[in-house]
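Heads up, the chain below is alone and in the form predicted on its own; it's given as structure tokens.
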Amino acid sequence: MPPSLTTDHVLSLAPDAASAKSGKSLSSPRSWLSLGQHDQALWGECQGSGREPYRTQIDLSEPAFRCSCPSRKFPCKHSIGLMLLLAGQPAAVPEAAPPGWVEEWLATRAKSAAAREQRRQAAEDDPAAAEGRRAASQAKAAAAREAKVSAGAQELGVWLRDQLREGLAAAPGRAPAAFERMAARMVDAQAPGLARLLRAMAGTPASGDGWQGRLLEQLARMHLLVEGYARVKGTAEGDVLTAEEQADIRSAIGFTQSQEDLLRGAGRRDRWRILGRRVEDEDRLRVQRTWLWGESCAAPALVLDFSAAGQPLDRSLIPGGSLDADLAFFPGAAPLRALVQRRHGGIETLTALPSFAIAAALGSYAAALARSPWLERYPLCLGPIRLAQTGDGWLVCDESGRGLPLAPQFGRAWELVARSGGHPFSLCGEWDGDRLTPISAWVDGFIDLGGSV
């Protein structure tokens, strides 16, 4: 056992308090069907809820972890429990030859380490040649991915036509299994954006009245995306797409752009009001959306942050504040997503939220959607408004009498009514084309609503 492996050291590796607590409950030999250690390797089998036991293996030299359990946390509770057992009761973990499943993992890690060392040594010996090989490797990988995505997009196009041929009435019987199978195929095709859209679509047939129209719109939009990518690749005839339109399509499919390159370009300086943020779990990631509004440009911006395996998110953009900063926008026909490129001073307290009538706010959304049909969310800053309760839920109503429905999951409508005393106030939220999810309000001061759904 490495001398640094103590109980305190192990607990410091836990992604959160709940994982540490669960790991402690597994730090007894009776929790494990098999145990073993050899040199720097540690392994064990723990019976979970499934038929087969979870296989946990740890390379203590780094440490590095692998476990067959479905946990999204890293290290998982089984890895923590196994290390706690070794740290507290080393005699309970016998010395043994690694089983085949551990040997295979260690051999793979050793091979990867040797390859990294070989590349590092080659780069030191001949930097120019190493850079050429790296560029060639990247180009080869990019071409291979394009081929996979193209094949996947063609298969998805056939699947979309099959859904319409079989009829929407049969969709509830096919969902969610058919959508999940096609989403898994898109993951294999290295098109994660398409996979995410398919998984979101899987719940539409069970979303209540009007699901047929919503599903048809989603299918049509995905068909438009697939056809657009075919034009980008030159495999379909049609109008020539601009560079910005091509960037939108590639982003929606799941291609990424180098943030380093983006930050080296020109930024847009403004005083940005920090409207609010939402955090959601998507597959194995936590996604944080922080919405900003430029005071001079009168336009929104979206800062996205991602975290995996229990890692913290960037919380430096505090809702209810304003920041003088340069933002670097990702290319697109209706640029929305951005990175904070340079800050000019600290965050100041917000004095008001931007406020527009519902018709004006929806007009801005419609203009952006016309340029980029794959917008999934758009910020609406409304005011003065009141909330009104109907039989179907809550509405946001402005002085013209126009209303928008609130997302049914929003649970603080009564609180806003009480705090406003029935008087008009300002409200900001995410609009998905059907419902508004509030993220902040201004009622005698800023109210953060981002964690309320």
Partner chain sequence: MAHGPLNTASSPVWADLVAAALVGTERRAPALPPADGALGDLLGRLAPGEDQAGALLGVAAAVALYRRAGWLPPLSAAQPFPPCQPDDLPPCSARAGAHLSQMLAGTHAAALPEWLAALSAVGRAVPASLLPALLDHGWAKASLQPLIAPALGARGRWLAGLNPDWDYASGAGAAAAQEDVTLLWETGSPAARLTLLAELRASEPDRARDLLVASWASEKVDDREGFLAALAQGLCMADEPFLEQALNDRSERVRKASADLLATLTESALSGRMVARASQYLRWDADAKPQIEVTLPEEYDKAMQRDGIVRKPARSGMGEKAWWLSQMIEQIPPDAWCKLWDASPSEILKAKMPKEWRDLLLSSWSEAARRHGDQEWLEALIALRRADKKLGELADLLPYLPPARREALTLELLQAYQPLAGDHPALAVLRSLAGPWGHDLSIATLDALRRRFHADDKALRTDWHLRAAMLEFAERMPADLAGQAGAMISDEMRELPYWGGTITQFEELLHFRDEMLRALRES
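Take the two forms, superpose them, and find the largest set of C-alpha atoms that agree within 1.5 Å; that set is the rigid core. Positions refer to the first chain, counted from 1. All figures in this text were calculated on a predicted structure; none of them were measured in a lab.
Heads up, the form predicted together with the partner chain isn't pictured, but that's what we're talking about next.
Between the partner chain and the residues Cys46, Ala407, Cys397, Ala41, the one pair within 4.5 Å by heavy atoms in the predicted complex involves Cys397. Here is the short version: of Pro98, Pro335, Pro373, Pro354, the single residue with a heavy atom within 4.5 Å of the partner chain in the predicted complex is Pro373. Considering the partner chain in the predicted complex, the lone stretch of 175 to 183, 146 to 154, 160 to 168, 193 to 201 in range is 160 to 168 [heavy atom distance within 4.5 Å]. No residue in the set Gln37, Arg66 and Gly445 has a non-hydrogen atom no more than 4.5 Å from the partner chain in the predicted complex. In the predicted complex, the partner chain sits beyond 4.5 Å of every heavy atom of Ala247.
A residue is said to contact a partner when one of its heavy atoms sits within 4.5 Å of a partner heavy atom; Tyr365 meets this definition for the partner chain in the predicted complex. Of the heavy atoms in Ala107, none are within 4.5 Å of the partner chain in the predicted complex. Looking at Glu280, you'd find every heavy atom of it more than 4.5 angstroms from the partner chain in the predicted complex.
Residues of 364 to 396 lying near the partner chain in the predicted complex, listed in sequence order, are Tyr365, Ala366, Leu369, Pro373, Arg386, Leu387, Ala388, Gln389, Thr390, Asp392, Trp394, Leu395, the criterion being any heavy atom within 4.5 Å. Superposition of the core reveals a Cα shift of 2 Å or more for Leu33 between this form and the one not shown. Relative to the superposed rigid core, the position of the CA of Ser22 differs between this form and the one not shown by 2 Å or more. After superposition on the rigid core, the Cα atom of Gln389 is displaced by less than 2 Å between this form and the one not shown. Compared with the form shown here, the Cα atoms of Ser49 and Ala183 move at least 3 Å farther apart in the predicted complex.
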